[in-house]
Ligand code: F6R
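Given next, in C-alpha cells, is a single chain: the form predicted on its own.
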Amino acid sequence: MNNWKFCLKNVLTEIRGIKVKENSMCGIFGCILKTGTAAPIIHQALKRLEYRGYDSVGEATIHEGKLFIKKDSGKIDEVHKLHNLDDMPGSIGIGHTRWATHGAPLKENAHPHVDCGGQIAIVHNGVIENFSQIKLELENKGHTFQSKTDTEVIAHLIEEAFKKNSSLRLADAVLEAVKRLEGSYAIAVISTNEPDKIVCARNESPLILGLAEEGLYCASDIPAILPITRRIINVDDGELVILTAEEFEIRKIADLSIVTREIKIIDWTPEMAVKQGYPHFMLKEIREQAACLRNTLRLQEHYLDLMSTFLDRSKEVFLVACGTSYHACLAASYMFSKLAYLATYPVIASEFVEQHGKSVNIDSTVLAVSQSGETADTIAAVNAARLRAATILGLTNVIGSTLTRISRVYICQQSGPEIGVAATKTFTSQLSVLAQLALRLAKKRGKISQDEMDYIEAKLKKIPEVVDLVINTQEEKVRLLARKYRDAKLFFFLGRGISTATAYEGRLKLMEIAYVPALAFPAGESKHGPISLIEKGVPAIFICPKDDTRKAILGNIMEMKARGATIITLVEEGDNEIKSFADDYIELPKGIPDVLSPIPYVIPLQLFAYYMAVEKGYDPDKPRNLAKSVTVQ
C-alpha cells in the first residue's frame, strides 16, 4: 500500500471495568469485502446501532467506478421499505444512523454526504465547530451545498484538495481536510477515485476497526461488528486509517508517524456490547458526560448571540421545564442573576398556566427547556404563552421536535441520545448551554468586568476535564458510600444558593432509581420545619462548594449534626473545616466558580443514586412507573 505500513498494537483496556470516555450521537459503519455485496452487511450493522438513537439512515457503495447512495429520514425499517437498502451493488460501502445536531431530520441532511462531483461520500459522527467559516470559504470557491449539516463541508474539503492536486491519494486528501477541522469527528470516506479503500479519521468521537477473513470493517461501536468478528482494533484521537480488503494502516494525523496496536479479542455478549461493557446504560451515560460537555462548548455562536439578544430585550423571562430540566432552569436563574443581573423566573411547566398564564404578554419571553422537545406539560405551557404573544425560545436535544418548530430561536444541547430513563448527561449539558447564554448576556449588558467573564469562560472550557477527574477519582468512594448507606430509610439533600438546584437534582435521582424517600430544600429552611424529621443516624447530604454561602451552610451542618444526623458533604479539596464536621465526604477539585459548580457537584450524586439502586437490586435503567419522555399531561 505505497509507503504505508501494516501495523498493530493494543486496542482496549481490560474488558471488565472498561472506562469509556466517548459520546454516542450518530452511528457509522463501513466494510470492504474480498467478495460479496456490502449493502446487506451495512444494513444489518446499522440495525445493531439502533440503540444509540437516530432520526435518519443512509448507505453508500461503489461498484464499477460509480457511487450509489440511498438515504432518508425515518427508522431503518421504514427507509428500507421505501428504498430497499440491500439492493445496492459493490463490495465496499459505508453507512450511517444520524442524530441531528445541524439541520433538521430531513432526507437532504441524512448521511452519506457527497462532493459536487458525486465522487466522494462521507459519514461522520461528531460536531464540527468551525464548519460555518469553512462552508463560506468553499461557497466562494464555487462549491454547492445540498444540506444544512456540518458534515458536508468535509466532503467538499476533500474535493478541494483533489482540485489543487489531482495526483493526491484519497488518504492524503482526507488528511488535508481533517487538519482544517475544529471539533469532534469520526469519519469514514470512500471515493470512486480509489474504489478499493476506506479512509477513516478520529478526534473525540468513537471509532474501531474489525478484522475478519472476509474483509475489514470500521464502526463507531462494537455491537455493529460483533456478529461478524470479535477481533477488534481501537483507533485513538488524532489518527488516520486506511482500509483495504486485505490490510489496514494507522498513522498519526499530526506527523504521519506510524502507529502499532495489537488486536483485542472481544468476549462481550451482545447485551454487554451495546452498553460498551458497562452493566447499565446509566453508568455508561454518566461517564459520557465529559464528551457531551465538550460538544456543548462547540455551539454556533450566532445562535447564542441571537437567543441572548431576545433575553436582553425582554421585560420578564420565564424558564419553563419539568423534572431534571426544571432543576437546570433553577440553577440557570442564579447564573442569569449573578452574571447578567437579569431576574428570571424558573417555573415548573405544569404550574405555568395557572401561576403566570394571565400575566404573560408581548413583553414576556419564555425559555422552554426539554430534552425530548415533546414534554407535554412544557409544550402546553409554551402554547399558552404563544397565544398571548410571548416570545418563545427553546433548549432541547432533538432537532425537529415540537419545541424546535414553535420556538423563535432554539439551541440543540448536543448531548446525543440518552437511553437511561434517569437523566444524567441531559442535566449537565443543559447547564453548560445555559451558562454560555448567561455569559453571552453578561457581555451584552456589561454588568460584570471583562476579567471576570474571561475567568469564568476559561473555567467553563475546563469543566469537561474536571468532570472526568471527579469520576475517575471519586467513583469508588461513592460506591462504598452507597454500600454503607443502602439501608437508610430517609435522606436529606441540602444546599444554599445555586447548590439548592444541585440538591434537588441529587434527591430526584435517588428517588427515581433507588426508590428511597428523600427531601431536598435550601439549607436555610431546615429549621423552618424539616429539621423536625431528623433522628439519630438519618443521612444529610450537604453540597458545600467554597463560595459565598459556605459560612452559612457550615452553621446548618452543625444544626443537623447536633440533632444526631449523619453528615455527608461534597466539599472542595482541602476544605478541612467542613470535613472535620462530616462523617463522610466527597472531595471535588479547587477553583470551580460558584455559577458552574452544579455541573461537577452533581456527578457524585448521580453515581450515588446509581450505586444505591444496584445495591438494592434494582435496574437503574428502568425505574418503575417512569418514562423517558412524558408526552401526556
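On a predicted model such as this, the values are computed, not experimentally measured, just so you know. Note that residue numbering follows the sequence shown and begins at 1.
Keep in mind that the form predicted together with fructose -6-phosphate is not shown, yet the notes after this line are about it.
Asker: Only one of Thr97, Thr428, Asn125, Gln371 has a non-hydrogen atom within 4.5 angstroms of fructose -6-phosphate in the predicted bound form; which is it?
Answerer: Of the listed residues, the single hit is Gln371.
Asker: Counting non-hydrogen atoms within 4.5 angstroms of fructose -6-phosphate in the predicted bound form, say which of Leu441, Leu170, Leu508, Leu481 makes the cut.
Answerer: Contact with fructose -6-phosphate in the predicted bound form is made by Leu508 alone.
Asker: Indicate whether the candidate residues Thr324, Thr375 and Glu512 are all in contact with fructose -6-phosphate in the predicted bound form, with contact defined as any heavy atom within 4.5 Å.
Answerer: Yes: Thr324, Thr375 and Glu512 each sit within 4.5 Å of fructose -6-phosphate in the predicted bound form.
Asker: I need the one stretch from 415-423, 143-151, 551-559, 103-111 whose residues put non-hydrogen atoms within 4.5 angstroms of fructose -6-phosphate in the predicted bound form.
Answerer: Looking at the other structure, the answer is 415-423.
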